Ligand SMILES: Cc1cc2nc3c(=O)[nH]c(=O)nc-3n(C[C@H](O)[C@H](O)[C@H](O)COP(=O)(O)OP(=O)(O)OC[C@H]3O[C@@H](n4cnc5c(N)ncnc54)[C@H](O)[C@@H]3O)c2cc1C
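Only one chain is included here, represented as structure tokens and corresponding to the form predicted alone.
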């Protein structure tokens, strides 16, 4: 480690979820010295996320913000990480969507005619083995150009790499141990050029960045086993059903801004289980019930940038439910800004907000 009186430009990254992992990867790739401080705490979403990259989202079937650009960065980054970590991470998958009414079917047809949507709407939906797995719907639609990213495997394997190379500090960050000075910032008697906060939803407890307008949201999900059914596509019918292999499926998730604690709740387990029983016409076994807290930003854009009074402190956060797609492009952008002072995208720069939390005019 670096003595307190020295500063070789090393960065300290706080948090090792998808944001912290990707930022650390790009900085290491650019040969910049870093340390990562993280203690696995309840509510970490990267450990349980489905990692869906979806071109068309929501009830209104809107194309995801800057999807082509984000998808290209994601595919390249995850391909490079697969080679670097020697594990499978990224797989392109179609999404089947249930259309429960005539209105939904008509809306699907209408939205599929939009020029920006046309490449992602399949002409017909091919259910395959889902035909015997799910209860009938009024109609079905199918989207191409989607993907699944194995975020839990990525963050776990990357954590092992950080630990083996003595980059990881396995402890919870303590603001009482941080001191800002002219040359940089000290933490626990060691000196860093900058500290970058990638804390996810725990940014609400960060005294320097909690002014940013965001609200933690809690999501709960099930890991279930459905034997003897081989499917590869992602299913969306009230809930997402994501095949993981070996008869295992990710099922979820809920979304609540009004919650207490990080633990899974009985009420949400009952909701997920009953909804899944309505969706499926085959038996299933619940293997695990998980919960995580997401950092949800008011305008649904990431948070990148320096603190307005303390440029030694930086935030890279707010990836939310679209972390698998947003993370790669903005992590590389954040790394370039830290190293070369390149411009941050105006839609992601925290300068779009005043320090009191209101939006700049």
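Residue numbers count along the first chain shown, from 1. Note that the structure is predicted; figures quoted are calculated from it, not measured.
Quick note: we don't show the form predicted in complex with the named molecule, though the next part is all about it.
In summary, the region of this chain contacting the named molecule in the model of the complex, judged by heavy atoms within 4.5 Å and restricted to 261-269, 279-287, 248-256, 84-92, corresponds to 248-256. Under a 4.5 angstroms non-hydrogen atom cutoff, the named molecule in the model of the complex lacks residue 23 among its neighbouring residues. Among heavy atoms of residue 141, none comes within 4.5 Å of the named molecule in the model of the complex.
In the model of the complex, the named molecule lies farther than 4.5 Å from every heavy atom of residue 298. Not displayed here, the named molecule is approached by residue 51 to within 4.5 Å at the level of heavy atoms in the model of the complex. Only one of 35, 63, 322, 307 lies close to the named molecule in the model of the complex, with a heavy atom inside 4.5 Å, and it is 322. Heavy atoms of no residue among 10, 27 and 332 are located within 4.5 Å of the named molecule in the model of the complex.
For the partner-free chain shown, 219, 220, 221 of 214-239 come within 4.5 angstroms of the named molecule in the model of the complex, judged by any non-hydrogen atom.
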